[in-house]
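Here you get one chain, nothing else, as structure tokens; it is the form predicted alone.
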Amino acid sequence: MGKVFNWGVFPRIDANQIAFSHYAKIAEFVKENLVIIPRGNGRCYGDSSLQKTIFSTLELNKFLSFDTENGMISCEAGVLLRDILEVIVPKGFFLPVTPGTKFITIGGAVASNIHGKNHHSEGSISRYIESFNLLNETGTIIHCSKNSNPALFTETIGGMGLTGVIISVNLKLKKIETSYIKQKAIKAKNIYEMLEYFDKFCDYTYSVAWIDCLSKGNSLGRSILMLGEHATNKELNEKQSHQPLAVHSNKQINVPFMFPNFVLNELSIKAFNFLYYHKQMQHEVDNVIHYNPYFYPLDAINNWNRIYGANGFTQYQFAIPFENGKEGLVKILTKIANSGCGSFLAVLKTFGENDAVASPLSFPIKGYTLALDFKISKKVFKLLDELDEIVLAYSGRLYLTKDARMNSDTFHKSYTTAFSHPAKFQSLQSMRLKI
């Protein structure tokens, strides 16, 4: 028994966390305990992988096969995306979908049906999962695919670990010529201009915008849009061409301790946002950079979550449909700017079509999605309750993988499709939301 918490450091609970690599022991553990939840590397932000009894998948860390001819990889659920990249990139492959960190497990990626900067063009990871093995409430391992146990296959992808313990995953990869990204960065003076750029450059495979969420007036939502395509050999400079399929470096700057709570405040966040926006002098910059800083800029800082202090933080990520989405984003950004509860990190993306094969708990809906980090405080919880009302008014929803405080009424108004799961598998989140 010990303290367990996820990336937001909120909530912290006392829990019994057990890890096994032998499937028979996992089955025995599942059968012996009334209620459990699987947990990967703890990179979700709230309580979606927390429970009094937790099964950690981190010892399920073996690669099972890699078919370089057809671009298929099979590995156990506890393997990190970082480790997959180190295997596949030198062979000319990349993850078909990746979130903003490579320190999540592949099992967690399936349970959250992760999306990335390419959802508008290539969808969620659900499109690329060929099959997986799932250990159910009786301790039986079931093979799931579109053709084998298709209902369980669908409910597990984005099912937040509530259908069982994912044991292994078979994933279709993306073929690449180099490990570099041809990036175009464009400054927008406000949210209105940024949304025009999203429309104008919608044909790019990857797109994401950083937003200054404390700017007001004519500068409301001033932003930098970062577009990307996988670079070809011809697009590399001389130094890059020496190692066209170089993998990421594992070197990190470490944040050694929790920052005092006063460090992140409205003034310090305003200063950071000002400097970040103005560090790009030109309106538009084109360059070729490695995939690591493009997809995983914060991975260069170990324990960056400590900058929010001992009370932790929560990430508030919502999606609202394109219809009236501009109006909704303006209302939300205005409320945040007026509240003084600045977000150190605010990231805007677009979603494409809803996922055809995914749990009713899967997050993406066609529209805009904005993710914001807030330091934990009573003032912030009041603000987030008010933001919930706006999101619901625009037919939106919150991302369960990031959520730590939504109430069950908000959940059931936004996730309207029924979802049933074995009573054996429950998280603190599923109990809070009455899933």
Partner chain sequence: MSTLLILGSSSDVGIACAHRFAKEGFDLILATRNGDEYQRNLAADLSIRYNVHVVSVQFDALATSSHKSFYESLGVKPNVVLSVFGYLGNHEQALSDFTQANLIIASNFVGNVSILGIIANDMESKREGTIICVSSVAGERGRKSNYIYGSSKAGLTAFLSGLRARLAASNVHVATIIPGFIKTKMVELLPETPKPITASAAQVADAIWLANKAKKDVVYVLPIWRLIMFIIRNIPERIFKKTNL
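Numbering follows the first chain given and starts at 1. Values in this document were obtained by computation on a predicted structure and should not be read as measured data.
Heads up, the form predicted in complex with its partner chain isn't pictured, but that's what we're talking about next.
E76 is the sole member of D355, E155, D212, E76 with a non-hydrogen atom lying within 4.5 angstroms of its partner chain in the predicted complex. Proximity to its partner chain in the predicted complex, defined as a heavy atom within 4.5 Å, holds among T53, S395, T410, N61 only for N61. Among heavy atoms of K146, none comes within 4.5 Å of its partner chain in the predicted complex. Its partner chain is not shown here, but in the predicted complex it comes within 4.5 Å of a heavy atom of V87.
Not displayed here, its partner chain is kept clear of K216 by more than 4.5 Å at the level of heavy atoms in the predicted complex. Contact annotation for F381: none of its heavy atoms lies within 4.5 Å of its partner chain in the predicted complex. Annotated contact segment (heavy atom within 4.5 Å of its partner chain in the predicted complex): 76 to 84, selected among 76 to 84, 194 to 202, 231 to 239, 121 to 129. Contacts of stretch 10 to 41 with its partner chain in the predicted complex, defined by any heavy atom lying within 4.5 Å, are made by S21, H22, Y23, listed in sequence order.
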